[in-house]
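Quick heads-up: it's one chain on its own, the form predicted alone, in structure tokens.
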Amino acid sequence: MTTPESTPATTDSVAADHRLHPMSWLFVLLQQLKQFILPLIVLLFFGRGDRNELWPLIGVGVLVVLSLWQYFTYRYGVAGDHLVIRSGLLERSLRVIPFARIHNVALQQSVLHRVFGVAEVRLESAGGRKPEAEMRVLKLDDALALESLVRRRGAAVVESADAEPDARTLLSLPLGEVLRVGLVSNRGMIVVGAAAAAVSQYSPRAMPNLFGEVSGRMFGYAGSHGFGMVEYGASALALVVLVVGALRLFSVLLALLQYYGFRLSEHGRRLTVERGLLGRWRTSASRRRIQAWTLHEGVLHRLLRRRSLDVDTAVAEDGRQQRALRELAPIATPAACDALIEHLLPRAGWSRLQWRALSTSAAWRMFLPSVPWVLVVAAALSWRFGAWGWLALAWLPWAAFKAQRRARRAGYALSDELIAVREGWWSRHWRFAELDKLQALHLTRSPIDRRCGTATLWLDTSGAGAMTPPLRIRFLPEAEAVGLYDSLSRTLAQRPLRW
């Protein structure tokens, strides 16, 4: 018997007396078939004629036995403030998980889950790449009861509070807001990319042949009719509008599937997000597990007068970001986003922060790195196309204008509880974190920084995703950066890290 966690003396196998749902073997089987579906298909289609076509059926039979084996040997239960999970028969495993260690509870329901009235439960802690427990699957009522139990027992350990407060809705998205999520997102590219990858898997030459066929027909049609420049321009514009419209349509459809019925609610100090049209996701995490915040506002956001609010949480990650609590407000008005921040960070004083702008010389620091690249590109184009290639230098005025705009908007704010950074001009974001959540500080100076007398202060927190903008204050004058680094270092030394 293996015991990954230390086992209290009061915990024994009697505590693990709950089974998975009787149909759990089916979902385990389907999950395993996803991993073995390709070799099974190969055996099915290429094993014909020599009786090898029976091997896939034998393989499926073995997977069915393994799935049933897991159902009959998997038990879970509650012992005090611990969750006990026992599995295996020949090689037994007893896992004891304190409720206080569970940071995130994720419930997922696909269409098939909803047909059977079950849900997949995933219990995650901070750090590590695997969840503490993954139950595939429980009856929906049992899954909700387990989530409630984790919420109440975790709160009892940390806060000594016995009663579970009523849920309070902080934000819900009606259908119109969900459509706006699709309009401002670029998720349509995911559909196109997935379709291209699937076609390429079938045949590596399929996509090049498709593009060649379509472009050949288009240019052939245009050449045979002898259109003028106006017709060509109008056709190109119509094609661009058609492509952009198709991508936005895909984005809207994905938004409907992912965010229909979005609801952010609060149970005491835990936040819960529910969403999804066909499949349903329900994610719950303690508010104090939030490590950093990102408020984003793109061009389309501004046109629609909306923003989005995301958070980083310190939970196990294995690439399935949709299970984690990431989005507190996929889209909402600026006032609603500010109200959420004020409610969840009442001591931070978000609306009263005193923002400090960067110096005007920061615009030059932002502009200089683009100069060598533009010169290289212009020289290469002029070598290839003659004097027309030097037209690439026209990019420099635009780069200078953009750097000036970015420098004018950039800034940071520091209070007793919070540090915040704002960046961007065309696409804007605000990134901030409580001082108690900062894990490391470091100053960096590139060769251009040393020449310009500037520095960048990096502020590290836990749980940041690969696509999340970093928490950093760029292009500060060196003396100001060193002073801010020393001040924050003294503050962090006097405060315990909370995560």
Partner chain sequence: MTEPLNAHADTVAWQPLPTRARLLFVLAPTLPLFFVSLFPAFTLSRLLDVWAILPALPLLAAALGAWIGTKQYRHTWWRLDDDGLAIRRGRLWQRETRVPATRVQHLDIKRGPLQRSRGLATLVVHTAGTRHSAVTVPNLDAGDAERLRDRLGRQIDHDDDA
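Please read these numbers as outputs of a predicted model, since none were measured by experiment. Numbering follows the first chain given and starts at 1.
Separately, the form predicted in complex with the partner chain exists; it is not shown, and the next lines address it.
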*Position in contact with the partner chain when the complex is considered in the predicted complex, options 443, 64, 57, 33, heavy atoms within 4.5 Å*: 443
*Just one of 302, 92, 101, 402 has a heavy atom within 4.5 angstroms of the partner chain in the predicted complex, so which one?*
101
*Is there a heavy atom of residue 23 no more than 4.5 Å from a heavy atom of the partner chain in the predicted complex?*
no
*residue 475 near the partner chain in the predicted complex, any heavy atom under 4.5 Å?*
no
*Examine residue 70 and determine whether its closest non-hydrogen atom to the partner chain in the predicted complex is within 4.5 angstroms.*
no
*Is residue 452 close to the partner chain in the predicted complex, meaning a heavy atom pair under 4.5 Å apart or at it?*
no
*Going by heavy atoms, what in 284-314 lies within 4.5 angstroms of the partner chain in the predicted complex?*
288
